[in-house]
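Listed next as structure tokens is one chain, alone, in the form predicted alone.
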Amino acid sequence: MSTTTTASLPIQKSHKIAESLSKRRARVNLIAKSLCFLATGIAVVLLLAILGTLLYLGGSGIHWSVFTNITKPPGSGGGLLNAIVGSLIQTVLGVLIGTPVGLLVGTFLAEYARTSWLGNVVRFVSDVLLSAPSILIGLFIYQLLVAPFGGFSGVAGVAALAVIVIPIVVRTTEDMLTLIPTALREAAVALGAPKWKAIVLICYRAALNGIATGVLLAIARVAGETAPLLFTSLGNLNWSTALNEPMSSLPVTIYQYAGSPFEDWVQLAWVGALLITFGVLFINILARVVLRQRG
């Protein structure tokens, strides 16, 4: 065997090893990609099934009386006007109260107390609150704002929803601000901008899409909450927009009507579920369009 042939053996062997590794990577990549497509397909099918069910069972019940009549006894042609208005009031006020608090707390954790013991304590409490069952929050607000004052109220419902909103906005705000490069902050400070101005005018703008996504997640979460409202605003079959009285809401009405033996109430429950789902979907699409135009 010549010297050239002997020298080429290791090279041929290395080529075979590289080819084998390349085929193995291709197989692993194909398996991983197939699993990703499979998971995506399952998620899309489930989503379409939910939307299809809502459209099939709730779409046939949509008519003007749903939006013009309040909830009435079975067989009286009632609607969901008071429940829709009550949900809008409580959700909007809850988000308006919880979002600024969550934004400020998230900013504190990301910009001023990233590694301090106080920041770790606040972060831990926020994470615990984020994972806490909503019924516990409802019970907490019940002991704080319902039992001492002797009655259910819209104020208590708004407070419960605001408490749910806060940790969601805290987590997304902190995560988005943490992703912003430190050099961006240093550049603003080097130009003479105080830290608060660098945060408001630079960091917030850079993290706007992520923070807005957190707010949208909070809206989607509280829009369908039932358990905390059962212990706070309770619900009201009559028309009422007073925050110091029990207030109706779509989730509570759906909960009450879905288990009813009356067909018209069950139909209204499906209509309410459809309205909540497409309301949240519309808000998400609108926000994405507005943010894309700003970018």
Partner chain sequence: MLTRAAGLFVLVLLGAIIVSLFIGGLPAFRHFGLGFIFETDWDPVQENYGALVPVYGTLITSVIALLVAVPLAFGCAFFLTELAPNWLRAPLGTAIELLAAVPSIIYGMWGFFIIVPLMGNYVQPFLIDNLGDLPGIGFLFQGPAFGTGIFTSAFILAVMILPFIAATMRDVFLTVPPMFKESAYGLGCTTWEVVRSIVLPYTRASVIGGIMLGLGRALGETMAVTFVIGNTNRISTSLFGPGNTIASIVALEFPEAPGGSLKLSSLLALGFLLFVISFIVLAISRMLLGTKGQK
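Positions refer to the first chain, counted from 1. Bear in mind that the values here come from a model prediction, so they are computed numbers and not experimental data. Basically, rigid core = biggest C-alpha set you can superpose within 1.5 Å across the two forms.
One more form of this protein, predicted together with the partner chain, exists but is not displayed; see below.
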Verify the flagged residues Leu179, Ser240 and Ala242 against the partner chain in the predicted bound form: is each one within 4.5 Å by a non-hydrogen atom? no
Original post:
Arg25: heavy atom within 4.5 Å of the partner chain in the predicted bound form?
Top reply: yes
Although the partner isn't part of this model, could you tell me whether Arg185 comes within 4.5 Å of the partner chain in the predicted bound form, counting any heavy atom of the residue? no
Next on the checklist: I'd like to check something about Pro133: if you look in the predicted bound form, is any of its heavy atoms closer than or equal to 4.5 Å to a heavy atom of the partner chain?
Outcome noted: yes
Decide whether Asn120 counts as a contact residue for the partner chain in the predicted bound form under a heavy atom distance cut-off of 4.5 Å.
yes
If we test each of Val163, Val155, Cys203, Ile219 for a heavy atom within 4.5 Å of the partner chain in the predicted bound form, the one that passes is Val163
Contact with the partner chain in the predicted bound form, heavy atom within 4.5 Å, among Val101, Leu81, Ala212, Val189 goes to Val101
In sequence order, the residues of 19 to 47 that place a heavy atom within 4.5 Å of the partner chain in the predicted bound form are Arg25, Val28, Asn29, Ala32, Lys33, Cys36, Phe37, Ala39, Thr40, Ile42, Ala43, Val44, Leu46, Leu47
Query - Rigid core superposition, Ile50 Cα moves 2 angstroms or more between the shown form and the other one - result: yes
Inset, instruction - With both forms fitted on the core, give yes or no for whether the Cα of Ala242 moves by 2 angstroms or more between the shown form and the other one. - result: no
Distance flag for Leu286 and Met176 (Cα, change 3 Å or more) in the predicted bound form: the two residues are closer
Distance flag for Asn284 and Leu129 (Cα, change 3 Å or more) in the predicted bound form: the two residues are closer
